[in-house]
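One chain follows as structure tokens, the form predicted on its own.
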């Protein structure tokens, strides 16, 4: 045991000793043998010949208040500076896509709820679009408008669950509590219509489960009457703070080239200059009949992501008012067979979700259950981007950077 301790104390890894990676992702060393080091992470200082501190390997997560989900981020620290990082996922894997292969076409919505568990309406809608395209199912207009309305309510509730904790991670306690009040009000609307606060099982192939209730409409209109003032309060309390702006401006920069090459969508892509929103550029449902703006920025830092998201929230308020006032009459569900059987083939349904482009790719062999279901999550791509921008930041800044991407690990692991 003493000889082993001496070997470990004398062990240092230099560049000329690095050979490459073995098939299990560990660094291969010429000497000494049998001491694996995690990929991209080294405990030695930049220059062993100069006076410096040993690098420290820190596990952020998977049980950590800053991770916004079951993320394990392994970082190499030189003091408070991050030298390299590596994301470890898989703690929430439930096999959602595989489970779908053993369920009827009309029973897949609950699995989609558990992918983006903060914005389940959009995951359900993406899958419904794919099923309806392959089965040539005509959806009533009112169902399209109800999907859009409940989706925008869900979007706002999800965004409040992002912006409040983002302020919390930067040291602002009060905004989080105020935003949770708004989120609770919107969850009451969703609960009144769908019966659930988190897992909705609301959007079905052919339409939606329930029509909007008088109670839900009254609560939503009451909140919309004060929504603009509430958003101004949130701005004054959090975003207008010079201290908060110093924490987020110029930090966690995602360049336009990185966003394009790594598949960024939604607010992450728009904050880096990608002017793309499926509601406007590939409209579905009633969005082609609505008036709303799509904000973009070029800085690509945390502040740009906040500004793009804040504008998106203001536009969601405007969209909800238009949807309530222009809701068409008619049924909320098409006439569907008791057992749905889709023709052989494949289809791809997509929507602009809370965090970016959500896609559902289905393949049918002509039976009553899917042959294959593939869920396209925006957050999986954003996690790779976040892991790339962490090196070079201070540890405290990295916490806020990770929060700015609004991770939802039901989508990453599935």
Partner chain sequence: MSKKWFPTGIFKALGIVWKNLWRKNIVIDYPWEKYPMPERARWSVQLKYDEEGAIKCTACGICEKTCPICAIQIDVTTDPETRDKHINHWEYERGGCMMCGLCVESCPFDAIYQDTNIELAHESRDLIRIDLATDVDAAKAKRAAAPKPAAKPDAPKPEAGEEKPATKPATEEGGKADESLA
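Computed from a predicted model, the values in this text were never measured in an experiment. Residue numbers count along the first chain shown, from 1.
Missing here is the form predicted in complex with the partner chain; even so, the following discussion is about that form.
A.B. asks: Go through 296, 318, 84, 241 and name the one with a heavy atom inside 4.5 Å of the partner chain in the predicted complex.
C.D. replies: Selected option: 241.
A.B. asks: Here the chain is shown alone; which of 231, 224, 174, 218 has a heavy atom within 4.5 Å of the partner chain in the predicted complex?
C.D. replies: Answer to the contact question: 174.
A.B. asks: For the three residues 254, 292 and 388, which mark the spot I'm curious about, does each lie within 4.5 Å of the partner chain in the predicted complex through at least one heavy atom?
C.D. replies: Contact check failed for every one of 254, 292 and 388.
A.B. asks: In the predicted complex, does residue 237 come within 4.5 Å of the partner chain, counting heavy atoms only?
C.D. replies: Result yes; residue 237 sits at the interface with the partner chain in the predicted complex.
A.B. asks: Residue-level contact is defined here as any heavy atom of the residue lying within 4.5 Å of the partner chain in the predicted complex; does residue 91 satisfy this criterion?
C.D. replies: No - in the predicted complex, heavy atoms of residue 91 and the partner chain never come within 4.5 Å of each other.
A.B. asks: Can you work out whether residue 308 and the partner chain are in contact in the predicted complex, taking contact to mean some heavy atom pair no more than 4.5 Å apart?
C.D. replies: No, residue 308 sits far enough from the partner chain in the predicted complex that none of its heavy atoms falls within 4.5 Å.
A.B. asks: Consider residue 126 of the chain shown here, and say whether it contacts the partner chain in the predicted complex, taking contact as heavy atoms within 4.5 Å.
C.D. replies: Residue 126: no, not in contact with the partner chain in the predicted complex.
A.B. asks: Given that the partner is absent here, state which listed stretch (115 to 123, 309 to 317, 195 to 203, 269 to 277) has heavy atoms within 4.5 Å of the partner chain in the predicted complex.
C.D. replies: Single hit among the candidates: 195 to 203.
A.B. asks: Does anything in 96 to 122 come within 4.5 Å of the partner chain in the predicted complex by heavy atoms, and if so which residues, in order?
C.D. replies: Heavy-atom contacts to the partner chain in the predicted complex: 107, 110, 111, 114.
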